[in-house]
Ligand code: MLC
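Starting off, we have a lone chain in the form predicted alone, written out as structure tokens.
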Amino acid sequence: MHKPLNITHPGNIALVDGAQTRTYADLDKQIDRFAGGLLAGEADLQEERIAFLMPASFEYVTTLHGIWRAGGIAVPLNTASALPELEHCLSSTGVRRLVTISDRLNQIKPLCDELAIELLDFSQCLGDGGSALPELTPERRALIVFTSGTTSKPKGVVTTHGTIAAQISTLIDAWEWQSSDVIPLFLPLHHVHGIINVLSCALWSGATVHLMPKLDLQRLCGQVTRGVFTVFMAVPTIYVKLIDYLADMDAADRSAIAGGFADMRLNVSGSAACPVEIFESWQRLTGQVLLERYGMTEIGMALSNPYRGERRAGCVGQPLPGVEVQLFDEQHQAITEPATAGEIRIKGGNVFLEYWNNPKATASSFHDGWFCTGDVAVVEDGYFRIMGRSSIDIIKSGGYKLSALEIEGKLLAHPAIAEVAVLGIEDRTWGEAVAAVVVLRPGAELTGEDLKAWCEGRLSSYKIPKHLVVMESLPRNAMGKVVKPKLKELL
């Protein structure tokens, strides 16, 4: 099986962490040392689950790949999680060992003691590098990443080495990754966006990753201005932050940063729907046409706008190579009529193996061999457009199925609205009525009647919000996506 680390050019820079760098040869040796240290004389970890808690760093990459090479299952944890959330991840996977770095030891030690988990400092795991390592076959389990848990407790999604290889290779082909690419990595490293789309695709390609434990807009934009990066991947929230950040600058500084983004070969948006308003604002500002794609923890990426070809605002494109995608209605019949909404279902080597220790949830997520995503979409002129999660983003009002995401995109154009979430609330007449929860721009005011008047001519009458709630902030998960079930609880 292909090593998920490209050492064709061992002298190339693999990782940049602040002022320090690691070549591919250096990283390869360090990973072997770590794998040998974990094995401690054993021949194979035999799919032992090993958790690790650390930010984007040399240590993170070494630990992830070292667990893989030793034959274990890597369980990356969210560094921003509260202890009850970490406890769920650790106890549900039966982890016996957890690796962290020295400045995180005190944070996690009490929980490890409570759960009888051996706590290891990263530096303690480095062996001499001379250990024999097991042969890894594609069907072996490699990674457990937890779902966001927006509708239930987070589930551990198990992917194999073969699944990971399929997820990486389809993106390398579709987005034309090159060994000369350089990309920043500030996304959370307990989700597939950061782990697969950025880190793994780059290392498989022989490219360079700039590791950033947290997003620093000033530092990032300075590097962009200097032409450091060729590829940029972010969630829509980050693009909003960048647009607002640049808006407060003088024209010369704004032009220099925008020019740096314009010179990149690719800007990608994902993990949440990119509102058309943001898509268009970014294009006006930088000249970059965002490539929006669609995926989830269980499947990696499934749909993508083309690298070469038309990228449509509000659409997530077409199936990636090797991925089968089909819409189905509520009676499990395949939808063939254009512009007819249905649930997205997926087949392919990119699909996960199982939910850890949860056969009931695993079985219920498949139908006739298709993975049922729970996301609703339509196909328009060959391009998929996501309407939202069937459980929360599809509002059934007066006999219509309304897309909350579509309405949100329209409302973001209102000059008083900084952020918006649209959801359906119980209504005696309509079944569900459209409600808009907004965060206003500084100094702005907005009433329900003002919003309804503004929506006239911009939205169909049945899509105009019947309720307006103003909040100081919207509840979001680590990827910047609004957690609507939690928002409903707050309302």
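Being a predicted model, the structure only gives us computed values, none of them experimental. Sequential numbering from 1, following the sequence displayed.
FYI, the form predicted in complex with this ligand isn't displayed, but the following is about it.
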Scan Tyr307, Tyr245, Phe366, Tyr400 and let me know which has any heavy atom within 4.5 Å of this ligand in the predicted complex. Tyr400
Can you work out which of Lys396, Arg96, Lys109, His332 has a heavy atom no more than 4.5 Å from this ligand in the predicted complex? Lys396
For a quick test of understanding: in the predicted complex, does each of Lys241, Trp430 and Ser461 have a heavy atom within 4.5 Å of this ligand? yes
Which of 223 to 231, 88 to 96, 190 to 198, 334 to 342 has heavy atoms within 4.5 Å of this ligand in the predicted complex? 190 to 198
Does Lys214 make contact with this ligand in the predicted complex, using a 4.5 Å heavy atom cut-off? yes
At 4.5 Å between heavy atoms, is Lys29 in contact with this ligand in the predicted complex? no
Is Thr237 near this ligand? Define near as a heavy atom within 4.5 Å, in the predicted complex. yes
Looking in the predicted complex, any heavy atom of Met301 within 4.5 Å of this ligand? yes
Just give me the residues of 264 to 287, first to last, that have a heavy atom within 4.5 Å of this ligand in the predicted complex. Ser271
Assuming the CA distance changes by 3 angstroms or more, are Ile464 and Glu380 closer together or farther apart in the predicted complex compared with the shown structure? farther
Explain in one word, closer or farther, how the Cα atoms of Glu456 and Ala341 are placed in the predicted complex relative to this form, where the distance changes by 3 Å or more. farther
